[in-house]
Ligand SMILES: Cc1cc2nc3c(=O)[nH]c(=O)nc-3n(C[C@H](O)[C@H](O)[C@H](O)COP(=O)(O)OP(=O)(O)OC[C@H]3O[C@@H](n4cnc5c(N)ncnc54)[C@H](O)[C@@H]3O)c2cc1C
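Let's start with one chain on its own, the form predicted alone, as structure tokens.
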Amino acid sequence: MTSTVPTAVQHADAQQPPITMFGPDFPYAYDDFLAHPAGLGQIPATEHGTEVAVIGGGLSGIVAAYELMKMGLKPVVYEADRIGGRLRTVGFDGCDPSLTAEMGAMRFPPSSTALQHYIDLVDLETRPFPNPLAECTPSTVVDLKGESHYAETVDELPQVYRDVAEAWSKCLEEGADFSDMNRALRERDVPRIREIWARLVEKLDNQTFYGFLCDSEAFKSFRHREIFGQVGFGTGGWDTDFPNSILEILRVVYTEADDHHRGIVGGSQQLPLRLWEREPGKIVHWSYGTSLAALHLNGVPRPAVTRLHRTAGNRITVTDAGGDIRTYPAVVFTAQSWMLLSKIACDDALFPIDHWTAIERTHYMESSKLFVPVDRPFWLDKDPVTGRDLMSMTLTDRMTRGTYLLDDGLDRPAVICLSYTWCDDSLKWLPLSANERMEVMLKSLGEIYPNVDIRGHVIGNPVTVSWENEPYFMGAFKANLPGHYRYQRRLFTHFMQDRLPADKRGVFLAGDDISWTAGWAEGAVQTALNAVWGVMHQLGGTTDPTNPGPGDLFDEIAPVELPED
């Protein structure tokens, strides 16, 4: 996503429970489920060693495969590109290998507690991410309509920016019961969460984010809406989200998904790669020392899936790019859902027609990034005239939009994310090569920092990504439009297959675009765990009574169901 709860929305003090991604749509404690000593469940011994296909080797697929393996199943992972999906960390040719660029996910909120379980499991370290005006960020420059403002805290920005932050705070309070929901989420008060959210879903499903702002007396000023859209607070402006459903935005701000971010030291792709190689200390059926890599020939996943169809006995037959054909009792599909419409030849019988419609209506956001390696964090030098940092984390309405400065110390090479853009801003430079993009971004930054020789510090070629142009993604992540709540509910609840016709079971959808919080790794983990429960249930398994799974509690906490007539 592109922004966060503004500074004007005060966070609770340390004595209160922390905010986690517990709801609001499906208030299930995935973190408690993972931490419980009884584990996630067990399957009958007769099913041990059964092969289950997992399509997609991103975070969701690897988590699902890892947990299915621990239960004694044999996950067969298919991956068209590389393990990690949009957890993609790359280096710079000819540069210090410690210099990396996060082409996909690069920052994670503490509220992602199920994600944190796996980060801790593979012994990865995190550190604060330098978002604009964050405590760890030395300085921020906000550049709008040709006028730049330097600030180390939000209080140093002109009054109009604080007015905009206050307007957003009032808008959330008056239009979305922010304080009440904040309290309910902290206390994990399921009845209260469901009461508030049911009312808001019914009221706001047809409303855009921009319409929500316009309906607020606090945002009656177009100037305030424009500033909020172009600059915002936290990680950047909100304007690329303006056409989306306001429900998408409320999920983010309620759960602090875009706040207090941390990055994974050494790169986020290490998480799925380490899970792929990890040998669980507690495992069923398989010998001690078994890993996902060990269960695959030469330690690599099978290639891209090219065909999915149903065969006798209500089984799912998978054909891959190598021509290999295998048949499974269950398949977990975690790849980008549009793949089912284009890259993979699919049997219409895989899903009920309403689920096909939901897949077809999924709306994806475009996103692009451009990184360059530099000789040192020169931005920390002081301007001899002003005494300010030579360069700052930058938010602007120019082509760059967001510029992030990333370093490992004063005496080491560093990396600049010259530009991080979304939607139309991303499409503006889609046809350009990495070097052409760099020239555009250096020109824009040169207008903000006319006395800074950024180019003189560049020590290697730029690297770039446009997710809308990636053949196995076709976009960065799902972002529902107004009226799409019912579609998202169908996708999220698909793991509850007892509710489906018998001939429509066996394929389990997972991944962040199936979750309520697309674009966040937490959603990828949560839907992976839903799919694990679904496969376990289909194969006759059960959870421990002391640790009920998401399907066991589904009827008590099911997402709001809106009428369709």
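Being a predicted model, the structure only gives us computed values, none of them experimental. Residue positions are given as counts along the sequence shown, with the first one as 1.
Just so you know, the form predicted together with the named molecule exists too; it's not on screen, but the next bit is about it.
Interface membership of residue 239, defined by any non-hydrogen atom within 4.5 Å of the named molecule in the predicted bound form, is ruled out. Using a 4.5 angstroms threshold between heavy atoms, residue 395 stays clear of the named molecule in the predicted bound form.
In the predicted bound form, the named molecule lies farther than 4.5 Å from every heavy atom of residue 310. Although the partner is absent here, residue 304 is a contact residue: one of its heavy atoms lies within 4.5 angstroms of the named molecule in the predicted bound form. The candidate stretches are 51-59, 28-36, 498-506, 536-544, and the one lying within 4.5 Å of the named molecule in the predicted bound form by heavy atoms is 51-59.
Scanning 196, 99, 167, 344 against the named molecule in the predicted bound form with a 4.5 Å heavy atom cut-off leaves one residue, 344. A single residue from the set 373, 84, 402, 175 has any heavy atom within 4.5 angstroms of the named molecule in the predicted bound form; that residue is 84. For the stretch 344-375, the set of residues having any non-hydrogen atom within 4.5 angstroms of the named molecule in the predicted bound form comprises 344, 367, 369, in sequence order.
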